[in-house]
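Next comes just one chain, in structure tokens: the form predicted alone.
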């Protein structure tokens, strides 16, 4: 039994340390040192060169090291019967939540204006709306979105969520499907997108959808850049319909040096930085899945290939 690792940002030895502790009988191999392909039963990574999955005859599980799995789904050589799991560890949920809370509070409590006042040596108490009167909408209520929503309700914000199907989260109003989107957008003074990359979410936030937000709404995107029609977002910012945007993901990454976002006075940017996690936490879900596979148990929370997540 062997696990093949094609690590991303995290050093392979950090993953190997966690797996060796859990499975002393399992050999860990690091791509491209595959060895005997028939011995590989598990794969950890976000992609392999086209056709490589078909060369692993005894593959039983594929585990991504990111939340998004588009790199795996694009490979037609990955057999349809092989289950895929995403990385949804608790550390990633915590770091994503911290990033979103920072930008919500920065906007709500007017901290950018305080920074300007500090430079101008201006002492001024800036007023802000009571938290329970600020309506926040979360697009995507999975592991990440649900954690963000619960954290915002704990800070007394008025939180609603929109997802493919209705969700039940205490204190969070649920909207679902295409029919629920207009009403959800209309009540979102701050809109947070944590949506995955799928055909259904491509350019979902376009000119029509931005117009459905209340005037002066603030937009936050830490899901996928493909969700946003970027010219439409720029137009909504320049017209004043949106008061600002905090962005962590983009259509093209790294963002081209001549992109208008770089110098836009209403845009706060980070370089795909919001959600990070270490192997010590990421391995937890993979270890649990491998144990279930070895015991012949049914896996839960596997990727729906049709939906893309």
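The structure displayed is predicted, hence computed values, not measured ones. Residue numbers count along the first chain shown, from 1.
There is another form of the same protein, the form predicted together with a small molecule; it is not shown, and what comes next is about it.
- For the three marked residues, 156, 159 and 187, no heavy atom of any sits within 4.5 Å of the small molecule in the model of the complex.
- Screening 207-215, 233-241, 112-120, 85-93 for residues having heavy atoms within 4.5 Å of the small molecule in the model of the complex returns a single hit, 85-93.
- Interface residue among 245, 63, 67, 279 relative to the small molecule in the model of the complex, by the heavy atom within 4.5 Å criterion: 67.
- A residue is said to contact a partner when one of its heavy atoms sits within 4.5 Å of a partner heavy atom; residue 48 fails this definition for the small molecule in the model of the complex, lying far away.
- The closest non-hydrogen atom of residue 183 lies beyond 4.5 Å of the small molecule in the model of the complex.
- Put simply, residue 137 is far from the small molecule in the model of the complex: not one heavy atom of it is within 4.5 Å.
- Using a 4.5 Å cutoff between non-hydrogen atoms, residue 143 counts as a contact of the small molecule in the model of the complex.
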